[in-house]
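For reference, the chain that follows is the form predicted on its own, supplied as structure tokens.
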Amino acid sequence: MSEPTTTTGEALADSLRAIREREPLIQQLTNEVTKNDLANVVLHWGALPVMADAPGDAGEMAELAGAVLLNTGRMSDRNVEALHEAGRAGNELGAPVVLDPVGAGATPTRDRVQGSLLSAVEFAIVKGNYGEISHLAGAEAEVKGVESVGEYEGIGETARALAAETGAVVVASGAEDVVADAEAAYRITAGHELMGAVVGTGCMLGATLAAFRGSLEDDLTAAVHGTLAYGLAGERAAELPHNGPASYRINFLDAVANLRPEVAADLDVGGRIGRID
């Protein structure tokens, strides 16, 4: 995808259609808090979720996968071993690997584990919030637990620098999402503030990116279309009746399932993506 600013509803529909036609198996290693939501969001996009996280089984399942998601929400020795195993297996078999560096910058242990993964595994996409991406890029960042706080006016440049360093497409999630490769960064305007009131929406974005990359050949296309579709689902969820974050969460999962290719084809999304100079 040479120029994401030309994305149309029909192009997004093609990507959604590809997921439903290919039904890639998405091997996901994640945290216990969000496991069920990640499985559901992958299924609702049209892919097949599996959450094999035991050493041995994790790598064997990655050998069957269309894409692998490594979410570093758990720091147990057993899980860290499984993360490395699944990442290596994905690389060896040619399955794209997505990294969600949960809590990057929060503790030395997370820094050590995430650094070892970035050294040992080739990633197609690295997705984190503004603080996590800034920390990985060596820029000033403030992360409390797994949440990003502070101001990040230069996030486009920071994401592009991390993309150049890692060779991955970088997705920085925030009030406006940023997608960058080594050449350019793009701002995606889609989503709703209630997404920030539900635990796990960042993790679900990582799973979404894995589902899109498991169905599409191009890293940048998968990252842009996955991020855009995710934000649009967040907006559509807010249009449904809800009483607060809990009912909004259910609406969101329904909105993902109902953002079908024929629906996306009719959407005007051209103004949603802009290049950051």
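It should be emphasised that the depicted structure is a prediction, and the values quoted were computed from it without experimental measurement. All residue numbers are counted from 1 along the displayed sequence.
The discussion below concerns the form predicted in complex with a further copy of the same chain, not included here.
A residue is said to contact a partner when one of its heavy atoms sits within 4.5 Å of a partner heavy atom; Glu217 fails this definition for a further copy of the same chain in the predicted bound form, lying far away. Although the partner is absent here, Gly174 lies well away from a further copy of the same chain in the predicted bound form, with no heavy atom inside 4.5 Å. Remark: Ala238 does not count among the residues lining a further copy of the same chain in the predicted bound form, judged by a heavy atom distance of 4.5 Å or less. By the criterion of a heavy atom within 4.5 Å, Leu232 is excluded from the residues contacting a further copy of the same chain in the predicted bound form. Each of Arg74, Arg110 and Asn258 is positioned with at least one heavy atom within 4.5 Å of a further copy of the same chain in the predicted bound form. Contact annotation for 198-219: residues with any non-hydrogen atom within 4.5 angstroms of a further copy of the same chain in the predicted bound form are Val198, Val199, listed in sequence order.
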